[in-house]
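Shown below, as structure tokens, is a lone chain in the form predicted alone; questions about how it binds or moves come after it.
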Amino acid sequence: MGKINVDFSKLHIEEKEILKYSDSILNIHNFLHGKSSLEKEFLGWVELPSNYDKLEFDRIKDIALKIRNNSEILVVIGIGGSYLGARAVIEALIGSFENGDVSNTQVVYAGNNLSSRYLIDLINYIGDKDFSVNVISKSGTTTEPAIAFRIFKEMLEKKYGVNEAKKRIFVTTDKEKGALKLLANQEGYETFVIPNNIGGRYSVLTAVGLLPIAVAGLNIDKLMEGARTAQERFANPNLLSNECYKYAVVRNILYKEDKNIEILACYEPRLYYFAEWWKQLFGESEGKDLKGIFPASVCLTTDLHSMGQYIQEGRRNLIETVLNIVGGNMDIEVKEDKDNLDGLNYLVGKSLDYINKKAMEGTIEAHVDGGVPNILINIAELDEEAIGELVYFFELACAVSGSILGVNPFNQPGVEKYKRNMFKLLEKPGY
């Protein structure tokens, strides 16, 4: 039994409408599981939780311990799927202010933008602290991380000397080819593999995500255990009993009703970067051929005071998927104030988590009444197993949903357009 379940009761979609997709789902299911071992299909993630490289997995844990013992900071250099998955998991599971605690190795991020101010601020923050670098890139030539790696490689060499710096650089890249792999071989850097049959946005459960997650002090065995639970739970092609496939189907049914924006809503700020990972997963997978549900996100109740008005009374082209953490939350109780000037004494004895839950229930009811279909994903407790299960749930749902939509959910041809224009403006040879 898993740690997540999906509540579709706020949709008002008849079962017969869902069952119309049964044949399509069976075909997609058979394709995903029948082609999962082929590199060209980018389906290596399908069976990854039960079929990962155990030797590399153990090496990840060993290297993570080494980094934790000699570094106050790990700089993760990557963009898109090369850092979002790790950041999503770390920030969901590490306390809001614990990642900067001196007792832990703090994971920070570079190479995910071209802002000089951000990079200077990060360099100043690192200061004299001991640090290591994990550079993540399939090719090693992606502009943002390549520039950042040049800068931090120079910093390491200046601080520790060339030979010692080599022991603090960890490379996650292609198994055999690419500029970064060539450099790693030449310099003798410790390397980890980005599997050829797993695309970046599906790579959080590979070394791409696992090394930073382990360095942060999280249990990657339990993370993979949760993902394996999801793999087993959602391997059933029966549409009505498979919540993952059902989620993929109902969002496509709603899409045909002109519900072309899906909001991932959470009531826990820790899930902010999980939503960012989710947006990349669905945005790059489905946004093709002038099709696709636009993925957006809100963190409630905060955004009820900014986006709440639009969600309630704006265009009726929205779907809302809510992440609800059921239990395991730390709590604060409202105490009595004798003056009661703020009028809050009616809440005395109630916990903040209870109040937050009632805010969620009231918001869902208001949004549904206002014409926004809601899907509720209940998470028993926010821990490694639950996050692993949730990651796999969305990866599989995204692949199925994109396939129903009629696009290839594993490529991203549109991403190259801005690069060609940028290279031309920067006068890169060949452009």
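On a predicted model such as this, the values are computed, not experimentally measured, just so you know. Quick note: we count residues from 1 along the sequence shown, nothing fancier.
The next section is about a form of this same protein that is not shown, the form predicted together with a small molecule.
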Check your understanding: Of 87, 228, 138, 246, which residue is found within 4.5 angstroms of the small molecule in the model of the complex when only non-hydrogen atoms are counted?
Key -> 138
Exercise for review: Would you kindly say which of 298, 169, 325, 79 lies with a heavy atom within 4.5 Å of the small molecule in the model of the complex?
Suggested key: 79
Review point. Looking at the small molecule in the model of the complex, is some heavy atom of each of 142, 201 and 280 within 4.5 Å of it?
Key: yes
Review point. Residue 412: heavy atom within 4.5 Å of the small molecule in the model of the complex?
Key: yes
Point to revise | Contact label in the model of the complex: residue 284 to the small molecule, heavy atom within 4.5 Å | key: yes
Check your understanding: Of these, 236-244, 130-138, 308-316, 152-160, which stretch puts a heavy atom within 4.5 angstroms of the small molecule in the model of the complex?
Key -> 130-138
